[in-house]
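Before any questions on how it binds or moves, here is one chain, the form predicted on its own, in structure tokens.
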Amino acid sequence: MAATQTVQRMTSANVMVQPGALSRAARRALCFARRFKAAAAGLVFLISISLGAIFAPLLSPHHPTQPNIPERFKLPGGQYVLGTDDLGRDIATRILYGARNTLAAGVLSVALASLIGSVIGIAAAYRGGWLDNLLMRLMDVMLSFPAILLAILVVASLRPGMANLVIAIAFSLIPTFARLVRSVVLGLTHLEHVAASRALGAGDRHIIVRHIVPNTAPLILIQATAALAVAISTAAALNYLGLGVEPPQPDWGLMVAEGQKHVFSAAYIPLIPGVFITIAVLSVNFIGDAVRDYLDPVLKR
């Protein structure tokens, strides 16, 4: 009986706390939106297009790849909000389905690059010596190539496809994360609390997990938001060159490539996916700037 009453009191206490916690989170979100209006607008766009991509089969009655020749070159408006292409396919539907490939390629490649780059940076800075020299010289070689060229070399040596596209973009972004994390970890290893932990007998795993990773996570997050814009534009460029998603699967970059031959007769066909690429990249850049300013301790004062 006593145990039951205790559980009930704990449950009621949690219920009492949750509305306050939600209201505080809502206030923080509102303050963030007021302070960073462009980032808030960009976040709304990315959330909207992501939800549209997820629920595309429910939102659109049209098929993204099946031709409908009688309805080709329909101007935007009416039944076809964004018009149709040269095969009669609804552009709005293809935009929603294409967002799956474009945004997924950007997010997955940045996640993979941040993970591998962080491991390389921590290992190089924490171990030092020959391992540091070897890893950093390798990163220097990779940085000597432009990111888009390095991605083209990687994906061309494999074969076109979504998985290889993600690997290629991630491979081109790894050096940036590795150099950033290494520079941060070099400073962290000489801090007093890290030296104290080592003097008390803490192992390398404890120091890395408890002291190194938490202090590098904010900078990795800021770099990830900046890299996401690069990843989305690189994915669109590779798909435009035919090195990514294979037709007839929709993708924003591929839609621009397929529609460019109609740029003078039906300019809306390549223009619309190009506008979505531009807005997506700008939105990510706005969010990245806002995250950087929000996490910067100097600007918080």
Partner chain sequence: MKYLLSRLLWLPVVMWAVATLTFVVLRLVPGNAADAIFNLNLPIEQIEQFKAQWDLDKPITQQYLAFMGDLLRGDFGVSMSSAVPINRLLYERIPPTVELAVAAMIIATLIGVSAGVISAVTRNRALDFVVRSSSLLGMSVPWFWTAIVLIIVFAVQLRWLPVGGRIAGGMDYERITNFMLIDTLITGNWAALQSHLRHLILPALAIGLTSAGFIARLTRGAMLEVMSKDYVRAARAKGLHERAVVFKHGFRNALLPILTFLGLQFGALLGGAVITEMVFSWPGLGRLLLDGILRRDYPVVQATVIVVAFIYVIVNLAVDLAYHLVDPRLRNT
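Computed from a predicted model, the values in this text were never measured in an experiment. Positions refer to the first chain, counted from 1.
The following text describes the form predicted in complex with its partner chain, which does not appear among the structures shown.
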query: Within 4.5 Å of its partner chain in the predicted complex, do we find a heavy atom from each of Ser48, Val110 and Glu246?
result: no
- request: Answer for Pro146 alone: is it within 4.5 Å of its partner chain in the predicted complex, judged on heavy atom distances?
  value: yes
- prompt: Is Ser23 one of the residues lying within 4.5 Å of its partner chain in the predicted complex, judged by heavy atom distances?
  reply: no
- prompt: Does its partner chain get within 4.5 angstroms of any non-hydrogen atom of Gly52 in the predicted complex?
  reply: no
query: For Ser157, is any heavy atom within 4.5 Å of its partner chain in the predicted complex, or not?
result: yes
message: I need to confirm a contact call. Of Ala202, Leu153, Val119, Leu221, which residue comes within 4.5 Å of its partner chain in the predicted complex, counting heavy atoms only?
response: Leu153
task: Pick the stretch from 250-258, 27-35, 63-71, 40-48 whose residues have a heavy atom within 4.5 Å of its partner chain in the predicted complex.
output: 250-258
field: Sequence-ordered residues of 210-226 touching its partner chain in the predicted complex, heavy atom within 4.5 Å
entry: none
